[in-house]
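Before any questions on how it binds or moves, here is one chain, the form predicted alone, in structure tokens.
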Amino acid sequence: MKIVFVSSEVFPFSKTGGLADVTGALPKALSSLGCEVKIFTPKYSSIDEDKFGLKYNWKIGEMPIRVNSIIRSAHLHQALLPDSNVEVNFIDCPHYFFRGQIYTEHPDEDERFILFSKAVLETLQRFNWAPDVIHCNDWQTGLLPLFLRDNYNWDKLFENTATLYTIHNMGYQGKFSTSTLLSAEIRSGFYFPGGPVEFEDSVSFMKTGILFSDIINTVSKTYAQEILTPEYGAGLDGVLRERKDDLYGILNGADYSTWDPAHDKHLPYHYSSNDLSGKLKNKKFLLEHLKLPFAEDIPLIGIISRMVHQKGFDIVTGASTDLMNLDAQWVILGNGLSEFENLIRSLSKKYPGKVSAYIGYNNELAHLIEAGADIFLMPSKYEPCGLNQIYSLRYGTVPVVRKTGGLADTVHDWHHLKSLGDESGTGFTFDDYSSYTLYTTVKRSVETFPDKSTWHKIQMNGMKKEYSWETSAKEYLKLYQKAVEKRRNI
């Protein structure tokens, strides 16, 4: 099957979050299953051409693309996704993509991804390459299914090309003023109150993607159900309910070539479920690095997160005093809203022997935290999939999570299952989104930690779980086939 994978970020070339991890891993898994995959992504100024071996495609040359009635010049650079034969096509338009950051608050943010989506189709035309499926991701690619059906429907090259639209986070929808209609050359007949591109008096990229794609999916089964409700649908739950028969949930996979304590290149000591001794050594190493005292019997709780409301930092704030009274140490990595960054800084100053904070991004430290921590906290208000809890399971770091989205699909409460006579629990979970419930659940985990036989059982249950991309890729192949059959009326 021929697959085009379109994404605004791709690891290791560009990254702000989990979307990049998906785009950097799923195409490789699809390729290993026999698919021919081409990735398309913008060429940002931050991408190191020499490091990744980007080559300018002279055969394609200049592509004139009209956006907002102005002809912009786009070019194509190419490279291989590391450790694969997957071709990555970088759309180069310095006017839009040399901004110093992937996403901006600039007034032409819509134009940037209008050009990107058009350039994908223009490049495929020049390749004379007809994919079976174009896999679009998040709001930045939401207009592409409409372009395929309307602006470019004259080209028989795309006559049988289906589209899959993946929602990674309903909270980011790409809403812009009606001037986007002109910029994107969208016919006015598509825009009217309640129409396919209109949402809250704006042009919505995400709504457009939902309504014009053949098949829609999101990144966990639970989140696929949650977004059909007003609580999680961010205003588009009604639109999604219209298409619920075409909506699926596939859990993101973990890239175990990078995230596995048995061969993680960032760890001073490797370990596995057969021998956990290296985990304690990593904990000691990490605490020494953080200048925190080492005590084998005191649990170390790790957080790696964006510091925003979605990730539960408002309820962390409310529980902070009680949490600090627990007999535990903390290591916190991330950045976000200043109010939460300041809270974490203040905790590290107030409790210097108990809390270590790193405000920013540090990949090596992230790996060390996953390996060295005993407990990993993810109290998200909503979480489409989440990856760190999956990494934590593999690293024998017991997750404490709110039971939502992918967290609910991957972490199962030890005490709840034990009460039913089942000892397969992998962590600690809570339903109610409140500071009190967060605190009492963390307290449960801290109080369970001294029971070494129980703790070891929970660790082993988690480490044996398998959430590989190969499994997810096979599920995506089934969705691609559904999309093709729908497109071709089979």
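Predicted model only: the values in this text are computed from it and were never measured. The numbering used is simple: start at 1 and walk along the sequence shown.
The same protein also has a form predicted together with alpha-D-glucopyranose (GLC), omitted here; what follows describes it.
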Closest heavy atom of His168 to alpha-D-glucopyranose (GLC) in the model of the complex, within 4.5 Å or not? yes
Considering non-hydrogen atoms and a 4.5 Å limit, does alpha-D-glucopyranose (GLC) approach Gly386 in the model of the complex? yes
Any of the heavy atoms of Ala25 lying within 4.5 Å of alpha-D-glucopyranose (GLC) in the model of the complex? no
Thr163: heavy atom within 4.5 Å of alpha-D-glucopyranose (GLC) in the model of the complex? no
If we take heavy atoms and a 4.5 Å cut-off, which stretch out of 303-311, 269-277, 121-129, 233-241 is in contact with alpha-D-glucopyranose (GLC) in the model of the complex? 303-311
In this chain shown alone, the residue from Val219, Leu76, Val88, Met206 with a heavy atom within 4.5 Å of alpha-D-glucopyranose (GLC) in the model of the complex is Val219
Could you tell me which one of Thr141, Thr397, Asn282, Asn252 places a heavy atom within 4.5 Å of alpha-D-glucopyranose (GLC) in the model of the complex? Asn252
Residues of 14-36 having any heavy atom within 4.5 Å of alpha-D-glucopyranose (GLC) in the model of the complex, listed in sequence order: Gly18, Leu19, Val22
